[in-house]
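Two separate entries follow, structure 1 and structure 2, each one form of the same protein chain as structure tokens.
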Structure 1
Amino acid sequence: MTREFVGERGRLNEPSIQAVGLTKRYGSFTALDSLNLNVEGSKCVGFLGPNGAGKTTTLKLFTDLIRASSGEALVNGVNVHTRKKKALESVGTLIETPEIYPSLTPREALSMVAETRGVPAAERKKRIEDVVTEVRMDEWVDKRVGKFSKGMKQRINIAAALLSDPRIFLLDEPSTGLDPRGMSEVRDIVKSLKGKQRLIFMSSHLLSEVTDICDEVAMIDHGKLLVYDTLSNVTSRFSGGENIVEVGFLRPLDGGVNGRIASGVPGVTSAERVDDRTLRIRFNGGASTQERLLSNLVGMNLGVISYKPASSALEDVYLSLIKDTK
């Protein structure tokens, strides 16, 4: 069962992280510049930016791995630097790429982590079994880590972050450096975490990954926050009010379906064929328009099997904002 978080005022709260004027300088270089960001609720937020933008610096400040030059990092309303144990008691982290001793098995490595993190001895065996199942590594739990692929090691690292049953996950580019299969496996695991009333704050520079996994997006460059909003609002705000979705179909589409959708569905401005089973649809309006669009598409009996914001829309926004900061 997922634990409820009781906040500083003694009432039930949603999980949250907040940066208040958060700044980190290294001599004359400013890695993070007065970041103000409030993320609250059970959802997945993609933290986007180019290499060197300040993403990892932000995550390290939220875990007190480094100290801020000024400002505050708050987790569930608690200052991470002044009350580290209290602030991080409900947080699981995966920052950069930790290594596991190759001679250990996942069971042995996770036992050490559980002891370090104060998981009661009577609960450790069950917790280890639960988290190994959650990352789909049951059959490897007693194999030596030295024989694992990078993707398998990363799944064990995620399992380690799950041991204390955290409400908040801070993930630093969790699929970077993995082969396509490893990336897909890690993304599927992160998706599964979303269904358990957790706040996931995940840095990435992969736009397709954020589009596939996340509900909201925060973009940062040169240490400054550029935008934070839902994916649909971000793409709509920077595309003249238009939203773009990609719709997948079970069967190949006939040649005239683009025109029927563009002319027959209210709010749709264009429907472009990506391939014979995928359309990229542009439309005006917000969530209510999306609901109507999906309902109309289903009603046309075309075999809709997927519906998501188009990664190309986020890419257009990203390139526009990053270019403007150069």
Structure 2
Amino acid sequence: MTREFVGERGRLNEPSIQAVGLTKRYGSFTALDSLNLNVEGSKCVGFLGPNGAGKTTTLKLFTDLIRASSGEALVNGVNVHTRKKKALESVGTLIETPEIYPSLTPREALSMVAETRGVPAAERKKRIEDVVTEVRMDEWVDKRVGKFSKGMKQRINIAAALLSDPRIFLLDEPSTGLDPRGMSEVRDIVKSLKGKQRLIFMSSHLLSEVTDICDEVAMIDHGKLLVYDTLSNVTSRFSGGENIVEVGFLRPLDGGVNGRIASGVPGVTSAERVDDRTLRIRFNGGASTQERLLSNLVGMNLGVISYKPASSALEDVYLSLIKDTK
């Protein structure tokens, strides 16, 4: 009860998910090995790991699709297995690739979800149309799901997760089965959720996806949590305190510019050209150095048009961590 008190009422009503010694065994095989994880607040957490790492297992435990061998999964402090109805009250889910009763239309299937979750009757129609438009399936809203392609069904599944406008999202590789455009649309949807104060816990095996949209990253392999921290801490911690950003420019750069940056901006250890409009800059230090770096770059009038943590930095960490657990 004390934990529930903290989760439900304490800590300023922040959404939270918590795994406490969460373990899942299949016979003698341990798919998830005493996972301890506490995610709290409005943010996007990427749950990264190779195939078979235990990501889906974790998310299934958080939605009571499977039972834990030991430990517990809590949402807002409420045990998902013993009090599922309460725990999932404000959780939008997308686990694996669900199928919808084939003779229903998206409108009907989504009505079922809306009524089950208690979306007020007066809002249902509009909510359904809104989410269907958001996943760009408005043309198909009254066609039967049975004939839809995998990607189309996945769009409806995403719509179903968004439908009740929950505070927490548990998404298991949401861009699975989507074409590149669909994937980027899913990213945009998740990004827009971040702007609305939501907690998004999203599994993925795509590093670029996680780098692009997540604030924090939890890495898992062989059922064991390897690291959970902010994206920049993870990349800097595992690259000897070094951070890497990729900077895109409007105009092709002249030859000497990387040298000027490397020597002229404090903290920068190297600036290497990726192509004639992109630089990869390594620097020591945290957010404040990063801020200074960006303002310096802008001040140099080189036409900075993009600035983001290099996904390859995360990839380096990922590969070294995953290799270590082999």
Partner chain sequence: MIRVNSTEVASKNQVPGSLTQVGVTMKYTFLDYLRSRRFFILLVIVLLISAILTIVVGYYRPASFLTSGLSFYSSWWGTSAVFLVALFGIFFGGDAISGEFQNRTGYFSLPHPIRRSSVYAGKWLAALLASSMILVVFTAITLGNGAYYFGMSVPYQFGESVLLAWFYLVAVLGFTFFFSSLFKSTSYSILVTAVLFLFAFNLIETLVANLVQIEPWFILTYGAQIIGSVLSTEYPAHTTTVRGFGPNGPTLTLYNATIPEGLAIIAAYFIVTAALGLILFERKEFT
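For the two forms, the rigid core is made up of the largest set of C-alpha atoms that agree within 1.5 Å on superposition. Please note that residue numbering is based on structure 1, beginning with 1 at the start of its sequence. What you see is a predicted model, and the numbers here were worked out from it, not measured in a lab.
Quiz prompt | Correct structure when looking for the form predicted alone | solution = It is structure 1; that copy is the form predicted alone.
Exercise. Treating the chain as two rigid parts, state the angle between structure 1 and structure 2 by which the smaller one turns with respect to the larger, in whole degrees.
Key: Turning angle of the smaller rigid part: 18 degrees.
Exercise. Would you look up how far the C-alpha of Ile156 moves between structure 1 and structure 2 when the rigid core is overlaid, in angstrom?
Key: A shift of 2.4 Å at the C-alpha.
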